[in-house]
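Heads up, the chain below is alone and in the form predicted on its own; it's given as structure tokens.
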């Protein structure tokens, strides 16, 4: 359950929130707004300190009921000199419910519009990192659910401001002790300002020992004093993993206009990059991203594997993007997804039994009898219900990303190789003509990314002696994986008799889809897909349509009978196939990182060429999340996922087979957007 909050009647619209766990108030007697403004914003010199900055990062060590975040959001929104991008990283070991967060803001009507937006995104807060997105991606809240010290070890960033908050040192001493102050100091740069409401001697001593210079300042009644300071150690800090200097926005060439390339282009454009996207096709999203519709649902495993954790973060990121950019019912539907467990029961992580049950159920729960009945299944059929799932037309998402300000798309632009000249990368066609140039290149061309990486490596190595080539391309174990789906037109009255949400398991089934390129109101059903490694053929095969229909009879026997009884949707001249070639890695995780090898003569040059490929059957799940991860690593921002999970996506690690990679092809296919 969420952290209990007791509400005491104090005459305000919301009441006074009180923590039974710690025996302390969530805010001062005069209300949290005064404390938030006078102690934290004023104490960190905001908003003046962030004026005209490209980015600003705030770290808070106790999210509580979110009041400091909401007031900071309001100040940022009202400031004409606000930074282009605001990061707010907050830790919280005991998150309150979304309803309590919304209730706490009732006493402050000026914050209500922000609180309602926050309320809509406060779901599924299992332990770990959660990226919440506001203001068209320009305000990013990273909620770190767990012990503050452990959560900060999972990050690599430098804060510009620190809100040191929490229940009083007498009630919750672990939030103010020396180890926590050290963890905070590791996230600071020289000059980072820190502010807190407490002036306890133990806190002042711990901060001083960690390199902060602090001073007492007049407080807000009834507090006589508050604390301000900045990180200015007398020594040169030695960090186990110093955050790299962020790149300055310039020109970027993205090769590939599928989900990966389009998502990367939009994320970089939001940060001020001038992005050109090149693609060999005549229209964007024409490769595997041209799939009529894909199913979006998180992966589930009993050990909550890296794939499972990454998929949840990816689903959240994609839902945020779809909600902001697409039209529900036409381009996508957040309908939920039923996953039928055919081969073996899908066991949920045992650890979830000891955690917030509501947060886990926000993601996945056993399907109820009504959901099963809508699929023609009985209560004895095992199935899971993914509440945060649905279907999306990938090409619609691609087009929306490519329409972002700062992004140019160029079709029929076939990149043959990359060449580096005078510090700038040039994308050349087969005749050697430059199609585009930039200081940064993103290889998002599926399995063709390996060939382009080889050309970049060769060009970067030319000024050096023979034999210095790094052969980093050997780490790009990118595999072509062909998949074919089967679909047919569907009348509206037929759609009403079929499941109103996607069903996954032994393949997948989606009904009631708007027919891509068809007349208004024309619907379709879709099932599949096949999974064939090492095949790059795009020809639709009648035999694979029959294979998909046979698998549908296993997944949803009643649905298959309905379609067979109605001759029109399964007539040979109406059933159609669509084939695409995905790109996968042995780890089943995306490959995301620069080509820069350590201690190589051409490391600097290859550091400006990034690979974003290998999304496999989960392009819809991974694209938005990995694009933000790419931008975060490039700009030394807080990461949207843990540092360990981000490192698992580096090309060298993505080339290693996953522990569960020996699953049968049918199982791999069920975990699919395609």
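Numbering follows the first chain given and starts at 1. Note that the coordinates shown come from a computational prediction; the quantities given were computed from them, not determined experimentally.
Separately, the form predicted in complex with a small molecule exists; it is not shown, and the next lines address it.
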Using a 4.5 Å cut on heavy atoms, which of 596, 172, 301, 535 is close to the small molecule in the model of the complex? 172
Partner-free chain; cross-checking the small molecule in the model of the complex, the single residue of 91, 161, 318, 393 with a heavy atom within 4.5 Å is 91
Can any non-hydrogen atom of residue 147 be found within 4.5 angstroms of the small molecule in the model of the complex? yes
With the partner left out here, check for me: in the model of the complex, does some heavy atom of residue 26 sit within 4.5 Å of the small molecule? yes
Are any of the heavy atoms in residue 331 no more than 4.5 Å from a heavy atom of the small molecule in the model of the complex? no
Is there a heavy atom of residue 43 lying 4.5 Å or less from a heavy atom of the small molecule in the model of the complex? no
Residue stretch of 61-69, 629-637, 44-52, 642-650 approaching the small molecule in the model of the complex, non-hydrogen atom distance within 4.5 Å: 61-69
